[in-house]
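Next up: a single chain in structure tokens, the form predicted on its own.
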Amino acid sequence: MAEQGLLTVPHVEEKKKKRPPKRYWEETNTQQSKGGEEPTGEKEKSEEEAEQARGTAKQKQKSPRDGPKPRRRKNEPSFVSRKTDPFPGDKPIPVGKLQKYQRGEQNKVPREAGKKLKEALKSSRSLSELAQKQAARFDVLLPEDAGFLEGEDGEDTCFIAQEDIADAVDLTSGAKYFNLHLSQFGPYRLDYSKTGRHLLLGGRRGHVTCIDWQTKDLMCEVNVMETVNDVKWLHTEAMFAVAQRKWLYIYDSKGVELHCVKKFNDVLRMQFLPYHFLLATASATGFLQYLDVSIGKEIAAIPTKMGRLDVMMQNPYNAVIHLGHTNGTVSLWSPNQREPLVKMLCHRGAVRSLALDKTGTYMVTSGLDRKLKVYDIRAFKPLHSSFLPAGASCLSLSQRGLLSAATGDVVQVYQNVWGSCPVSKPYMAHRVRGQVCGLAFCPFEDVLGIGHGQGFSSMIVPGAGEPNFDALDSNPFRCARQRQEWEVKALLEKLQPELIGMDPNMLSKIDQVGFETRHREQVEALGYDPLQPEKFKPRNRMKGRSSAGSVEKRKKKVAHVDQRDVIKQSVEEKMQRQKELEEKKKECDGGQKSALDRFKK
């Protein structure tokens, strides 16, 4: 028993287990005693808690390594919290905003086009789509919206006076209504700059002045001592053209004469094409002339053979010039042709004035028959016609589609001109002191400029101007440095006059007839077809591999591959034609099924 008792005694003393070091994730709930030792029960609990904490920490460290890491996409954003975006991708754009910034229709790539042309058209299409989407996304940054004048209950807006509007609005807007009493040299023709900041006035008796109409600062004032028929700003507010009694003159913003163009004589009306740098003039001798102001060269001189040309307007969409004639017709002209593109019979009497909207879709005309007509230029058909008791001598359209018509000394502004019903009731009306000679809406401002026999009047027309402007194209607040940079870029991007035509979208299409004629001439000159693919010539191989039999086998193999590609292409074209025919049939049927459709195969 003693031996057994001796055996039970351990030969090695049990060492006390070391307490593991505490980690930052452990929370010490027990406090050590002053002697430095913890109670046994609390000590065991702390050891168990430490082991559990170590196990959980190891699991946390090993958990991402156990399984394969999820692959991250290239465009997927990485977050610090490693959370996924609940709404991945860009925010969807409403269809209405995309249609607002759409520029023309997409042209189909022709089948005969080469590989390089297809790639070029594809890249240009992708760039235009990107620009459209970006413009639609940044539409949120344009918070300004156009407003209109609204009367009280039962009050008609056309009876509201300009003095009442100027008193009701703020001081800055009220200062836009003013009158310049210039009774000695009238009547006056006027023109606003492209940015809408500067005003150019030209009196019939030789008085020419240009001012910053918002600050009322005078830039220059000269008397040319000669009859002035028309004035027009050029590409910037640093130069302007004056059509005097005999010749055409170019002045700078200080009133210094820069050029006297003697080839342009008896000029009555002028229009400036800003993207082509062309000054178009209509003369009393019936000539339509184009002057390139960037190089000072006459581009075209077209005899219209229509008599005196005193009615002229440009289409801002395609840069085509519209001329009104004494026989009631309106003709459309391009510098590339010596015959009119289109001739329209608009009135029974002579045409007095013309106006076109900024989209180039609608045209408004007035004639001696005292009728006001609205035409759709896409179909060359009148939308509606209205009768004015005294007729309209001057017309002008604003950026938002308001029409101003001058009858004697009264100016009337009409709303909803493109509607189905003819205009009957004016939106606003204003009476001036003398006979109205010129009308022009100021760009990006709710202001209508009126030139008359007693000077100039500025009229407030709420809702006339575009509230948001493109600072890269026309910035009213640009400095001299920005103007210089814009002028250089505009000259580099200048369009050639050969591109002016009725349909600007024709530039992206292929002239198939011209291509075929040039290709035929090239074949006759060279003696072979350069577009025909070269015949397959097998290479010479070593070690008896270039025997006659192996060469023929290789030739047949290549021929079979080419033949298979041709057959595949023809089958695809046939299927595409069948699909187009089926779609046309469905459109013709209108989706309505008849009882006889069961007998169709």
Partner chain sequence: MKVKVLCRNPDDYVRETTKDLHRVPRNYDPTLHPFEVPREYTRALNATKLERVFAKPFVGSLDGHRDGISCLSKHAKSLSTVISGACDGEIKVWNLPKRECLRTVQAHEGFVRGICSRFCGSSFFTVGDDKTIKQWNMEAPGYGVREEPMNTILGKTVFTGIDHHQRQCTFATCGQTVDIWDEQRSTPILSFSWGVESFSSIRYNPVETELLASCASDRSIVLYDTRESAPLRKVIMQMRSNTICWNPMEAYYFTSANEDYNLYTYDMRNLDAPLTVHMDHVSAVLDVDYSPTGREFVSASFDKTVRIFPKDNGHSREVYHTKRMQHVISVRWSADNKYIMSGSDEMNIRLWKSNASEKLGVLSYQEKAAKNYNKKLMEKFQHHPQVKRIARHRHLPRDVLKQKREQRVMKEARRRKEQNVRKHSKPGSVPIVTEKQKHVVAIVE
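Rigid core here is just the name for the largest C-alpha set that superposes within 1.5 Å across the two forms. Positions refer to the first chain, counted from 1. Here the structure is a predicted model, which means the values were calculated and not measured.
Beyond the structure shown, there is the form predicted in complex with its partner chain, which is absent from this document and is the topic of what follows.
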State yes or no: in the predicted complex, is some non-hydrogen atom of Arg103 no more than 4.5 angstroms from a non-hydrogen atom of its partner chain? yes
Does Thr215 make contact with its partner chain in the predicted complex, using a 4.5 Å heavy atom cut-off? no
Answer with yes or no whether Asp266 is in contact with its partner chain in the predicted complex, where contact means some heavy atom within 4.5 Å. no
Answer for Asp369 alone: is it within 4.5 Å of its partner chain in the predicted complex, judged on heavy atom distances? no
Just give me the single entry in Gln184, Thr227, Asn223, Asn468 that has a non-hydrogen atom within 4.5 angstroms of its partner chain in the predicted complex. Asn468
Please pick, from Glu524, Asp85, Glu493, Asp90, the one residue with any non-hydrogen atom lying within 4.5 angstroms of its partner chain in the predicted complex. Glu493
Just one stretch in 311 to 319, 255 to 263, 449 to 457, 405 to 413 has heavy atoms within 4.5 Å of its partner chain in the predicted complex, so which one is it? 311 to 319
Partner contacts for 127 to 153, taking its partner chain in the predicted complex and a 4.5 Å heavy atom cut-off: Ala135, Phe138, Leu142, Pro143, Glu144, Asp145, Ala146, Gly147, Phe148, Leu149, Glu150, Gly151, Glu152
After superposing the rigid core, is the C-alpha displacement of Leu121 2 Å or more between the shown form and the other one? yes
I want to check Gly154: does it shift between the shown form and the other one by 2 Å or more at the Cα, with the core superposed? no
If we fit on the core, is the Cα of Leu258 displaced 2 Å or more between the shown form and the other one? no
